[in-house]
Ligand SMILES: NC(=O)c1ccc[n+]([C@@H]2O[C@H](COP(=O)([O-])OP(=O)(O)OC[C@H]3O[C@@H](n4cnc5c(N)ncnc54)[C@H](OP(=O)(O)O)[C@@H]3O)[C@@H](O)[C@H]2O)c1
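A single chain comes next, written as structure tokens; it is the form predicted alone.
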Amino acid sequence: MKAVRYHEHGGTDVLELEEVDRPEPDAGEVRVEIAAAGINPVDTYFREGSYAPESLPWIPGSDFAGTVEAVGDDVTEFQPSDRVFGTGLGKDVPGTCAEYAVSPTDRIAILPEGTSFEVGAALGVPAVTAWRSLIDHADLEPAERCLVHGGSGGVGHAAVQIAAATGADVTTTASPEYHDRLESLGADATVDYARDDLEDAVVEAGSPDVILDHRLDDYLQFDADVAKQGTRVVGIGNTVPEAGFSNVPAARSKELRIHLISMFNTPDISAVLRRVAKLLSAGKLSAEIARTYDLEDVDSAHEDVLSESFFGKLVVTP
């Protein structure tokens, strides 16, 4: 089969399209013929070596959608020809930028009929991260106000939809060109993150009970300024290791409850994916596909996911 691999850590030039053996599923695993694979910033961190995978050479990619082609021993919940989507590969299991991938059954779920493989592949890391942040950690409730930083991003636009599905009021920040699309996804208030009076604009929409923050080191002070007393803040990313610790006094003054999470720590990914599938079936969640790539262009996708502004997700179609 064709697969993208890297034999050493480094820039996008280490990615090579190669012919490799088709993987065989062990007990508790299935082999999926990949129809689409999502590209996330975390994929580049594994490639660069910031988060080292199990071994080298390695196939990148966490998210995927496709058709079950073979099942391992003791697998009863999935059968060949099932349409599935999943996430959590690319760290301890070879990834998804290939024609086939093997996945443990606790990292996949049935993809609802009517949902394209591209959409399924685009929802892995973003939707599971958003669900874990807003539902599992922040306990977001109906009629609460939720602030989602960066609503046009992969996690951001999934979070807007999941928050809206709970019955919460949603404020999100994004470039003006994306405001209409975010409102169509369920945002009640969209604010240009470049505004000089951003803090006032967010507070005017309603001080949030829950904040989903993708750059905690940059925005923790801002979060404290716009928050209510006891607001729950979930941090899913930062640009420097000491993420926001200089702003701890500000967070303490509002008694913010700060949760730091990683999607890869999800106890049961498949359980979250099954709930995501219900939202898909109900028409309450989807994914915007900004651009698709061939396998030979995964290096371009890795560059674009970090360097370009776009709405939604980048997807590889083998």
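From 1 onward, residues are counted along the sequence shown. Source: prediction; values computed, not measured.
Form predicted in complex with the ligand: not shown, discussed below.
Of the heavy atoms in Leu140, none are within 4.5 Å of the ligand in the predicted complex. Using a 4.5 angstroms threshold between heavy atoms, Lys228 stays clear of the ligand in the predicted complex. In the predicted complex, Met263 approaches the ligand with a heavy atom inside 4.5 Å.
None of the heavy atoms of Arg232 is located within 4.5 Å of the ligand in the predicted complex. You can rule out all but one of 285-293, 40-48, 24-32, 267-275: in the predicted complex, only 40-48 has residues with a heavy atom within 4.5 Å of the ligand. Proximity to the ligand in the predicted complex, defined as a heavy atom within 4.5 Å, singles out one entry of Ser207, Thr166, Ser175, Ser116, which is Ser175. Residue-level contacts in the predicted complex: of His179, Lys91, Arg83, Arg215, one residue has a heavy atom within 4.5 Å of the ligand, and it is Arg215. Looking at 282-315, the residues that come within 4.5 Å of the ligand in the predicted complex, counting any heavy atom, are Val305, Ser309, Phe310, Gly312.
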